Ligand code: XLS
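Read the single chain below, which is given as structure tokens and is the form predicted alone.
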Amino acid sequence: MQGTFRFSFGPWNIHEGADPFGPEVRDSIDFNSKLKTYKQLGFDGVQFHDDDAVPNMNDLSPAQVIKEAQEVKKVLDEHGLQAEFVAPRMWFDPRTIDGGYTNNDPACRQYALDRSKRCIDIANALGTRNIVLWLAREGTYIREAKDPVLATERIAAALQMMLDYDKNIRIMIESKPNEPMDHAYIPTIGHAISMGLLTSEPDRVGCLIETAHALLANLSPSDEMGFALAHKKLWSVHLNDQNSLKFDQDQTFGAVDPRRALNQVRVLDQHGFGNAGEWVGLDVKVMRTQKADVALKHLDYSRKIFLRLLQISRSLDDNMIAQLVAERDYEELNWYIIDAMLK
């Protein structure tokens, strides 16, 4: 069963180039201008943080938040675009320095829960039921700062609150083992999927797998995807690439290891990813050295690399592969894959 592929990315993938060691190197681009580039590049879906849609949301009433999000929905419709998901971006707020759901301060935890409700309101206004949780600061710098049992229970309680707040949403947990926190809770997809079992509706808790996050945990991204697919919990992906166990680099998909990228494309395609409406999401950064007039190539090429690898994967002779596997001639199988990629 082949997959069906449509592509999305978030507006933060087009950025000014600032990093912890230097200032911006490109001018800012307004949100509407970014939206104009989607169709030009072959993308149909927009990934949102809640404050991508409503930048000043902390200063607005719930009704005002919804009204502003409804205006954004009109703009999406004008461009022929869909919102893939909305994620609460809490890690820039002073109240979440020590986490949101796992914060030791009950007032800060309440802020995180309230912000999550507003995120769901925005998702409804934008026409998506998908809520992504990247648990950015849900962790510790030192182990003794938080009780891991209590922290896990607090995350589960937050999930339950969101599921109870809206009976239509589904939550996709985007796991990551570190950065920005040294010790992150829910570091792998296995952890993410199991969190659903601590709620009353585990069928509405799944995951989003990012290539780089799996690699930072020293795991195979395609195997992580396979694990989630086997559980019927892979509801989105963030494809990119990564040079070993460094910071989260978000390089162009397949730029570092094309064979590793091929295996991700192949497992998605062979198991019908996208046939139930899932998106192939990209989370790729512009190289800081790129000039403004060529600052979209990372998105264009990531999509093209995916489609080229899809062609290669579908050109492989499955009967030959099965025969080599039956004969246990893995060296010949190794050559067969490499030869196909080098043609």
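In case it trips you up, residue 1 is the first one in the sequence shown, and so on. Everything quoted here is computed from the prediction, not taken from an experiment.
Form predicted together with the named molecule: not shown, discussed below.
Q: Does at least one non-hydrogen atom of Trp235 fall within 4.5 angstroms of the named molecule in the predicted bound form?
A: It does not: once the named molecule is placed as it appears in the predicted bound form, Trp235 has no heavy atom within 4.5 Å of it.
Q: Decide whether Lys176 counts as a contact residue for the named molecule in the predicted bound form under a heavy atom distance cut-off of 4.5 Å.
A: Because a heavy atom of Lys176 falls inside 4.5 Å of the named molecule in the predicted bound form, the answer is yes.
Q: Contact between Glu224 and the named molecule in the predicted bound form at 4.5 Å, heavy atoms?
A: Answer no; every heavy atom of Glu224 is more than 4.5 Å from the named molecule in the predicted bound form.
Q: Is it the case that His49, even though its partner is missing from this view, gets within 4.5 Å of the named molecule in the predicted bound form, heavy atoms only?
A: Yes, His49 sits close enough to the named molecule in the predicted bound form that at least one of its heavy atoms falls within 4.5 Å.
Q: I have Phe7, Asp241 and Leu309 flagged as a candidate spot, so tell me whether each of them has a non-hydrogen atom within 4.5 Å of the named molecule in the predicted bound form.
A: None of them does, since no heavy atom lies within 4.5 Å of the partner.
Q: In the predicted bound form, which of the listed residues (Glu153, Asp269, Glu201, Asp248) lies with a heavy atom within 4.5 Å of the named molecule?
A: Contact check passes for Asp248.
Q: Which residue among Val72, Leu262, Ala112, Ala87 has a heavy atom within 4.5 angstroms of the named molecule in the predicted bound form?
A: Of the listed residues, the single hit is Ala87.
Q: Among 186 to 194, 252 to 260, 119 to 127, 206 to 214, which stretch has residues with heavy atoms no more than 4.5 Å from the named molecule in the predicted bound form?
A: Result of the contact check: 206 to 214.
Q: Suppose contact means any heavy atom within 4.5 Å; which members of 272 to 288 contact the named molecule in the predicted bound form?
A: Counting only heavy atoms within 4.5 Å of the named molecule in the predicted bound form, the single contacting residue of 272 to 288 is Asp283.
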